[in-house]
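Take a look at this single chain, the form predicted alone, given in structure tokens.
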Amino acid sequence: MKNKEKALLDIKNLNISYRTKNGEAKAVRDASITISQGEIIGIAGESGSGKSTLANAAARLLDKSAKVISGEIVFEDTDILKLTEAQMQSIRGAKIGMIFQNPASSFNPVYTIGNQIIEALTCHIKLTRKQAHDKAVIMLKTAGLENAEYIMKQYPHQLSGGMLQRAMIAMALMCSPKLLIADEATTALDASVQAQILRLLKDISIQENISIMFITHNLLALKQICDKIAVMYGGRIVETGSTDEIFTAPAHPYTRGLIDCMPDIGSHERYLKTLQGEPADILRVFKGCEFAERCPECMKICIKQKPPKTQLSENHFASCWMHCKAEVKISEQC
């Protein structure tokens, strides 16, 4: 049974910027999110919304051009932003595993799959080569690759995309991490393989009590495996809630827009719906809501002032002026 009471990862008021030739790009703005032990949380949003930056920050894998301006990333009661790189290396891979978007570019093409998986284990645990080999075979089978002995001897180019993704999951699980960060882990896969990988991640989370941060723009994928969802726009988390709450009672116009864009098999509409306008420019400084210019329900206050975070239920929060009627009335009278 999952224990969802203890916070495993607690990101608090995180702000991250990138240095660019055009100025400071604020990729993550005042983001706060908590992941409990054994919980699967989805991070949703369009490209450029800050999802991958948030994920990379949680594993201290940010690009050199990135800078954490403020905030905390507390993993197991330790703020990892204060750790040295040597200290972080003892956590990354051992307690925090990463599943990257494109496994074909993540594996070294000149080494066999077995060599690379074994290396991930021996970096953190003292085992003989035979012990490491045997565990790698077990992990590949856990990831759904029954012909594990054969896979161990293959090079990355000899495997399909789905097999490579399973091998990467096996590598991420080698040291029994407490948190898996999956950054667009199923994007490059076809629909049937994608469904298999999602079921695999769900099963692993339940069986091993592993927490998963699942980053994607695919809301259908989040609906299948996540316990709760955080929606990001313009670097800011605009809504969080249980998966049921997000899909049955979305409280932010951006969330509703994303859901409306999902394909509906039973619909007779010829074309998919789209969100009007362009994603927020992260080089800009916004006085009000980042989504205001694209929002069909935009009010004057939305342009002038940032909306407060409103609690709608025990675990459902949204940052939108539509839920602050009293404050809006006062603003309109001024």
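These numbers come from a predicted model, not from an experiment. So that there is no doubt, residue numbering starts at 1 and follows the sequence shown.
The same protein also exists as the form predicted together with a small molecule; that form is not shown, yet it is the one meant from here on.
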Give me the residue from 76, 184, 245, 227 that has a heavy atom within 4.5 Å of the small molecule in the predicted complex. 184
Only one of 27, 31, 40, 57 gets a heavy atom within 4.5 Å of the small molecule in the predicted complex. Which one? 27
According to a 4.5 angstroms non-hydrogen atom cut-off, is residue 288 in contact with the small molecule in the predicted complex? no
Contact of residue 46 with the small molecule in the predicted complex (heavy atom, 4.5 Å): yes
Is there any non-hydrogen atom of residue 292 lying within 4.5 Å of the small molecule in the predicted complex? no
Flag residue 20 as yes or no: does it have a non-hydrogen atom within 4.5 angstroms of any non-hydrogen atom of the small molecule in the predicted complex? yes
